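Form predicted alone, single chain, as structure tokens, below.
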Amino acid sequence: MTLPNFDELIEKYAATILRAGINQQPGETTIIQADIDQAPLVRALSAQAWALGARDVIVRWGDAEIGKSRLENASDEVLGTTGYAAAAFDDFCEEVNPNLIFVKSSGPSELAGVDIEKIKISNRTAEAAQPKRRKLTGAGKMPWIIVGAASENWAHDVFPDLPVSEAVDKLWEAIFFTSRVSFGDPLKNWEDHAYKLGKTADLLTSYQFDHILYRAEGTDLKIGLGGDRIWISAGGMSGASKKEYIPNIPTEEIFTTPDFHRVDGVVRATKPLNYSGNLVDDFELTFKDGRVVDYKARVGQEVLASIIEADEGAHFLGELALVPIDTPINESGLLFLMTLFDENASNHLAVGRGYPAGVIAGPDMNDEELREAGVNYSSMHVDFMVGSDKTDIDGVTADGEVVPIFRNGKWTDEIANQL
């Protein structure tokens, strides 16, 4: 690491994650999940969490090389078995309701050469391994946040023509900038940003759209909502203690939960998808009566199939998110090859599990009530990017009023003038 102010910026980044992001409070337990090469960030997070009065800080270390070795050497039976540690972690989350910090640092080439069938088995097992934790986070009852951290592998994927050390520095610079850490007062930056996003989410909620219409190159899609949807943004999530938290840093999105029964048309991705170290690119999905009935990718067809065919719920939508093209991430001009960043440069959708928090009273509904409300269930939740400067989006109310939301990838004056 050669950035002259790296130590200062990593401390600011940790403070932003804990204060603006997870909103650490005295007496709370916080779990940090990260690869071992992210020790500097994890140490800063741990020290600051304790300084903020954390009851306990638990670090769950991972290692990219060990993870790859397991996929290459373990039997299918082992890969398909939920281990004791995963089950114990699930029980712990239900009992303690901790804060969760996930530090992501994997590049798409990390699992190069690994048998896709092995990856499919492992992913299915991992996705299904923690139903209690996923239900709590999906309902907004357990505070969580996903953040990025530069690794040599990921940096090389983003900047393949640079020496590794220079690439890592460049990626950290991009992370700090897009996370609003390297300029001004980071906490004030996030206070202002969350406020603006919150006002936009409240405005969209007030319309109570019956459905949304997406139109772009290769995309003509109708997504049903209904009269009980809530649009959510950074700072709009609340945990069991009713505190606000931000589930992603960086974040630029306003999102809600579609009615998974009511999706029709074709949607074409506008950016590659990095899924478990494998790229899917130049792909499209066709929906009829909510369900994916056809899908094709020029690159990564087998990987795309592993997502859609993971279970029945993976054939349906779980998230609809709006992101204008004039955001720091998109204007950086970088393709980060990590969904956390690329989804915040672009409108995106997700196949799989829906968010109960996107429905009025959703967090208090049982599984049957959620399904009746159109909230999809799946072991999967995979975001893919569909936004561009050619995207037009309209919202249609129950009485047929058409409200222009996006034109050419940006908020319309009708929306922007009300904020």
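Residue indices: 1-based, along the sequence shown. Here the structure is a predicted model, which is why all the values come from computation and not from measurement.
The protein also exists as the form predicted in complex with a further copy of the same chain; that form is not presented, and the subsequent description refers to it.
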ask   = Heavy atoms within 4.5 Å of a further copy of the same chain in the predicted bound form: does R70 have any?
value = yes
task = Using the partner position in the predicted bound form, report whether G62 sits within 4.5 Å of a further copy of the same chain, counting heavy atoms only.
result = yes
inquiry  = Given that a further copy of the same chain is not shown alongside this chain, does A85 nevertheless sit within 4.5 Å of it in the predicted bound form, heavy atom to heavy atom?
reply    = yes
ask   = So in the predicted bound form, does any heavy atom of A126 sit within 4.5 Å of a further copy of the same chain?
value = no
ask   = Just one of A112, V266, V78, V299 has a heavy atom within 4.5 angstroms of a further copy of the same chain in the predicted bound form, so which one?
value = V78
query = Exactly one of F102, F283, F177, F92 has a non-hydrogen atom within 4.5 Å of a further copy of the same chain in the predicted bound form; which residue is it?
reply = F92
task = Using a 4.5 Å heavy atom cut-off, indicate which stretch of 31-39, 356-364, 376-384, 389-397 touches a further copy of the same chain in the predicted bound form.
result = 31-39
query = Which residues in 20-58 have a heavy atom within 4.5 Å of a further copy of the same chain in the predicted bound form?
reply = I36, A39, V42, R43, S46, W50, R55, D56, V57, I58
